[in-house]
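This document starts with one chain, in the form predicted on its own, laid out as structure tokens.
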């Protein structure tokens, strides 16, 4: 095992995949010579050459369209969208072409592309560098949606994504790119430089899709989270004193409903936490599923703790986030219901 940040784990996953299979190619804005704006692809062009790791024009629809065409010819493209906020020009390519390829061809054609995107806030990036658009993709049949919370999972899930025969949206929480903060502070001084590393297997391994991880066992309330919010929820459980079971979903599509249902039937209560906007966020789907599957076991309404229903508020970024204090207060309230 080797100590790595999430950035290093993602870079290592790409290196391992490219070394194992010469069909794997990596491309996007500034990913080649520069190594990516977040440094996830540093050294790959120097190691594998400009035909396997290369820069593209500033054209997201062109990046994804190229990936779809390459995949149709047997290549395994890993395309980077520099920020998740930039994906909207490529949304039609993802939804109308990539997601439907297998169905529209009756299984004759597949689209094994991975679209990597830094997601969420925490770097003081403002309106167009901080969005969390995962719900836009979980609504689309044919896509798989992944959001890791730690380096070990990030590497295993990315390697699994590259092996998938269908398109994968791989969202990387930039707030924990360089090490998860301890979760106890609503606003660390330098959140993008917080510090503990994680142990990562430097070899080849995959983490299966559709299998959640229980990060903290508990018996009083089930807390469903993903990405950065997993760390926040663990801190909130400690601060509130509530015996919460914190579940890291890891993949939103496919979703590990069995683990969720088993936990909620044990605890009788459920809270859903995500950074994205409350209304029509993925938490609404989770709440509906829990209500449908666990209605007779619930002792309180399902609670959602999410971002505000506003455009991304740059000057209020750390109030917009569900922080440990807000999540802890919600956990205390749900126990009193």
Partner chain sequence: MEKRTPLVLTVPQPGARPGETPDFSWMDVPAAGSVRRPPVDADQSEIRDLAFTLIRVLDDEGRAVGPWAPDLPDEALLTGLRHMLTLRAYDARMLTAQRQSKTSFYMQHVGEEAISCAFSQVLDAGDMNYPYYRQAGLLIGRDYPLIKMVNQIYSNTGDPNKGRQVPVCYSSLEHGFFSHSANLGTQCTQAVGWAMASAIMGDTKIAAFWIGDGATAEGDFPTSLLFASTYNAPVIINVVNNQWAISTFQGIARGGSDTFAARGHGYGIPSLRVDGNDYLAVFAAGKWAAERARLNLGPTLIEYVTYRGGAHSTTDDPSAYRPASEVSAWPLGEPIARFKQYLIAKGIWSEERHTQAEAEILAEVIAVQKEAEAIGTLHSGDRPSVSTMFEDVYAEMPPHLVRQRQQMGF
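For clarity, every value in this text was computed on a predicted model and none was experimentally measured. Residue numbers count along the first chain shown, from 1.
Form predicted in complex with its partner chain: not shown, discussed below.
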Requested in this report: Kindly confirm or deny that 100, 105 and 259 each have some heavy atom within 4.5 angstroms of its partner chain in the model of the complex.
Outcome: no
**Report entry** its partner chain contact in the model of the complex: residue 48, any heavy atom under 4.5 Å
**Finding:** no
Query raised in the report: Heavy atom to heavy atom, is residue 127 within 4.5 Å of its partner chain in the model of the complex?
Result: yes
Query raised in the report: Would residue 20 sit within 4.5 Å of its partner chain in the model of the complex, counting heavy atoms only?
Result: no
Query raised in the report: If you check in the model of the complex, is residue 329 within 4.5 Å of its partner chain, heavy atoms only?
Result: no
Report task. State the residue from 85, 239, 201, 166 whose non-hydrogen atoms include one within 4.5 Å of its partner chain in the model of the complex. Result -> 85
Requested in this report: Taking 4.5 Å between heavy atoms as the contact cutoff, choose which of 89, 74, 254, 208 touches its partner chain in the model of the complex.
Outcome: 89
Query raised in the report: Though the partner is not shown here, which residues of 55 to 70 have a heavy atom within 4.5 Å of its partner chain in the model of the complex?
Result: 55, 56, 57, 58, 59, 60, 61
